[in-house]
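The data below hold one chain only, encoded as structure tokens and taken in the form predicted on its own.
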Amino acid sequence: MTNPSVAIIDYGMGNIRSVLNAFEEVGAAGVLVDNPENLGSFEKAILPGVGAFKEAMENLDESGMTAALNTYVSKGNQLLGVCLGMQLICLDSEEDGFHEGLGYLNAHVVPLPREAGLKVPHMGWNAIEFRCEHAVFSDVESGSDVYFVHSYRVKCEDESDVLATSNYGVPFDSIVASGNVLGMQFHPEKSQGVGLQLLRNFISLK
């Protein structure tokens, strides 16, 4: 049996090398995809990202990747947004103004609170607390620590889309899903064994 292939969408905003290494570690062939025409040949894709929401959406739009992603998701293929990628799948973001997102998740991106002496960005290890049962949690325990780097948080309108939450001053949605689209606010590729298991589970989702 050949290793499953996963499209890693390269739009100029991702920590691509560590994502590639993580998929290699879990026995999947991560394939960089920067040509929108190539996305349709994959059944699973990951949208990574580090940086600003507005610039990321501009890159996706100008490259034609937004249209390709819309078609890809509409066909039922599975997409995982990571960190900024999770924020991009939302309706909109308040980062540096108001900007529309891809709109696959009925959610908004809002700032993390800066009161109570909390440092922003939220950087480091924090627990994920499961809110429901889901196949992506196979062999992962609720309360496991994962690695975060973010200044904004996702706020889902539909509680049923929230798979796990974390807390940094306020509770925030750290794993979300709507149909065939998932999001992880943290970096699974930097979260050691827990993160790698979550990626294995994503690969195995039916």
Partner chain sequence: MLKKRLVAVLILRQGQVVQSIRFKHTNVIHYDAVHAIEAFNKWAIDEIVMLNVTREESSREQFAEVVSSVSRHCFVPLTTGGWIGDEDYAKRLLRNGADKLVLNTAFSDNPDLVRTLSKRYGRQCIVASIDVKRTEEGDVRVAVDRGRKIIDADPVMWARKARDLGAGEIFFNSIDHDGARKGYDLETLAKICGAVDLPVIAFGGVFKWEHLAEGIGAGADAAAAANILHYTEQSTKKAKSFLANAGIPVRREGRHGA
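All values derive from a computational prediction rather than experimental measurement. Residue numbers count along the first chain shown, from 1.
Omitted here: the form predicted in complex with its partner chain. The next part is about that form.
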Is the gap between residue 145 and its partner chain in the predicted bound form 4.5 Å or less for some heavy atom pair? yes
Is there a heavy atom of residue 122 no more than 4.5 Å from a heavy atom of its partner chain in the predicted bound form? yes
With the partner left out here, check for me: in the predicted bound form, does some heavy atom of residue 141 sit within 4.5 Å of its partner chain? yes
Does residue 112 reach its partner chain in the predicted bound form if we count a contact as any heavy atom within 4.5 Å? no
Sort through 167, 41, 35, 160 and report the residue having a heavy atom within 4.5 Å of its partner chain in the predicted bound form. 167
Please state whether every one of the three residues 17, 126 and 196 places a non-hydrogen atom within 4.5 angstroms of its partner chain in the predicted bound form. yes
Choose from 171 to 179, 133 to 141, 59 to 67, 152 to 160 the stretch whose residues reach within 4.5 Å of its partner chain in the predicted bound form, heavy atoms counted. 133 to 141
In the predicted bound form, which residues of 21 to 57 put a heavy atom within 4.5 Å of its partner chain? 21, 22, 24, 25, 50
